Every structure is written in structure tokens, then in C-alpha cells.
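Presented as C-alpha cells, the chain that follows is alone, the form predicted on its own.
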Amino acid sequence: MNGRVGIIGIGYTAAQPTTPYSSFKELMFEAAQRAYFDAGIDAAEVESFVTCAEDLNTGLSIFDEYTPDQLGAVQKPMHTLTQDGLHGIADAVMQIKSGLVEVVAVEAHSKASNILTPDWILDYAVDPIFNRPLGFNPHALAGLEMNLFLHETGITPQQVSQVAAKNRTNALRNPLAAYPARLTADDTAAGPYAHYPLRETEMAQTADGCVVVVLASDDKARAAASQPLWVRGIGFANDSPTLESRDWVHAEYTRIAAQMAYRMAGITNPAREIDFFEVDDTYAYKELQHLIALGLYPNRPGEAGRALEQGLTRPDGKTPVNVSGGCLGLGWTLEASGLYRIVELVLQLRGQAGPRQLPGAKMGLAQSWRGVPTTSGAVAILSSEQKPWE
């Protein structure tokens, strides 16, 4: 099937530091109901379901056994990806393009507030023979990577602090954001170190929330009640799983995923052809690292820091980045982080982003990262317009 794939519905809850009065099932039910209403369909019309979750985070094995009821997926194809939500979007696109189904719902959520020992769980992702016995906090890997990244690119700690200040301030215009704050780079730089040179103020804090996205084939999308947004490109990749053999300066997983997405979308110059970017900023330096990997600064990596200082990545700049507030402002919502980036793309491209609406936005890019200690990421490109040859 060579037809296009469109996003016809989104449903979501606001990200919150904690949700003591809502279970993960209640969050999922709310998001699913909103998504189906937005798409103008009944749950019965969805033919296949994908949920993105990590069993260790949920505290439940074979997690997709706990999702059908609230999604309307009883006795229908249902499976879990232990990946970020953007991988779920890729899964849905492949299902539809293969001709297996015409309507797919993708769900991802976070109940991070329920996790009592998150760093212990994170330890399970570290090599059990060579690395885990060293007993370091896995977040220290981000500090080590940041140190080398700054040294090799010439990007300064002050520029990293500006990323955190920009995104937390952007979040003030986003009613979904859990951690909005009007900050300056000096405010951020005054925070204590978590893992040198990474400061606590440059690390995203966890939040609870859920997103459901409904995708459909070309014919179904054209007939949808809502304005469809077209998936122009999708890509995903994993770099080396070992700390000893990976690239500690470049986000190769993002570069490879972006090349896949650009090739599918027919994009040769992302800085000119894509109107805005929603990228992973779990740690503030990661925004700059990911922008470089996306090919926005192909000549000298240090240009990423200078572009930030010149205001080019602000909402009113030439290349808006994380207008939503990113993970730093909205909150790190575990596997749902990539889908919250999709939510921002859809709202912007529909012209429904309210006070943070970007004028004339027609194409946006979302990028996700699985988090330390992984080198796993994905890229999705959405457009409100069809390709010239379609």
C-alpha cells in the first residue's frame, strides 16, 4: 500500500508532577476517549492497538494485558513496544502501509510518581558485568557525555543553561506543562551540580500523563471529521548498547533516524524546509546535541550554541525549538515523551496552539530519545500539506 498515513486524532492529559487520584488506567481511558472524539470515530473502528511501556516502570509483566479495556481493544490486535512513543508511531505507519489495517491507535503513558526507586530500575539497563558493579548513578553518564560534548564542540556551559531557561519559560504558554517557570540563564546556572558539569536545573523532572494518537490510511484520513496531519517521514535507530564502544560526542541514533525520515519525506535541507522542531531535552545539553545530529548545523557544531544565543531557536526565531517547553518545561513523561512532542506538532499544524501558535507552520519534526544509558531514538515529520506529487 503506497498511500499516505495521516494522524486523525489526538487525546491527552496534562502532565503533572503526581496524579494521586488517577490510576494509569484512568489516565489512559481519558486520553483514549479524547482521541476517538477528536478523530470522530468510535473505539470499535480502531483495528489495531500499540502501547509503549516498560514493564519495570509499570511494575507489571506483559503490560499489554492491562491495556485493552480502557482503550477499547478487547479481542483485537494489541501489543507492547518497550520503546518511546515515536517508535509506536513508526509501528502504526508500517501496519497501515503494509495493508494489514487502516486505523491504529498508539498509546503511551507515565505514572512516574508511582516509581519508588527509579535509579535502581535504571541500573538494570546498565551492563551487569562491567558497569553495574561500579555502583554509580546512571545519570552520571549524562554528566560524562556532556563534559566531552562541550569540550569537542566548543559549546559553553552558559549556552546549556540558556536551553533550560528558554524551555522552562516557553512552558508558561503551555497549559499541559508541569514545570513552567520564568527563568534566566543566570538562574539556571546558579543551580547545584548533579553530575559535573550537568546541573540539577538542567535535568528534566518526571511527570505523569498519557497520550493516545489515532492514525489512519489515506482514504480513512480524508474522510475523517478532523483535519488530518500527514506523516511525511519516520525513522528510528539504535547505536551501540555498550558504554565502551559508543560515540560519546555525536547522537548517532538521531542522525541515522533523521536520515531515514528525511529520505522518506524527500527533505534535503531541514533547516529551510521544516518550520519548527520538538526535540528531546531530557538534559539541557541534549537539545543542542540532537539539533546537530538532525543536520541543522552541518558545518560547525558550535553554531548550535551561537544560534541559541542569537535567539534563533526561540518561538519568534528563525528555527523555533521546543515551543511546548520540551521535557524540561512539560516534564519527562517516560515512554510518552515522544507522543507529547507529536501533540505539539498536531496542535501547531492545526493552528490550535493558542498563545504559543507559530504563524504559518506547515511542517514540524519530533525527535525522541529513550534516555540513559541507551542510544535509541526516533524521528517523525508531520505536515499539514501533501507532497507536490501526491
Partner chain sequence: MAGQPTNVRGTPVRSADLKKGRVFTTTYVPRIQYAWDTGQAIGRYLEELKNGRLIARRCNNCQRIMIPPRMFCERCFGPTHAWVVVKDTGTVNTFSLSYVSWDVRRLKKPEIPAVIEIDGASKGMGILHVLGNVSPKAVRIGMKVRAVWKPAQQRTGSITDIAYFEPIKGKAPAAKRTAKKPFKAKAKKSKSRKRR
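Positions refer to the first chain, counted from 1. Since the model is a prediction, treat every value here as computed from it, not as a measurement.
Absent from the display: the form predicted in complex with the partner chain. The rest refers to it.
- The partner chain in the predicted complex is approached by Ile41, whose closest heavy atom lies within 4.5 angstroms of it.
- Contact annotation: Leu56 falls within 4.5 Å of the partner chain in the predicted complex, judged by heavy atom distances.
- Contact between Thr117 and the partner chain in the predicted complex is found at the 4.5 Å heavy atom cutoff.
- Heavy atoms of Gln75 reach within 4.5 Å of the partner chain in the predicted complex, making it an interface residue.
- Shown without its partner, this chain lists Asn137, Thr156, Thr169, Ser113 as candidates; in the predicted complex, only Ser113 has a non-hydrogen atom within 4.5 angstroms of the partner chain.
- For the residues Arg306, Arg314, Arg132, His250, the 4.5 Å heavy atom test against the partner chain in the predicted complex is passed only by Arg132.
- With the partner chain left out of view, the stretch that reaches within 4.5 Å of it through heavy atoms in the predicted complex is, among 317-325, 332-340, 24-32, 354-362, 24-32.
- Residues of 253-288 include none with a non-hydrogen atom no more than 4.5 angstroms from the partner chain in the predicted complex.
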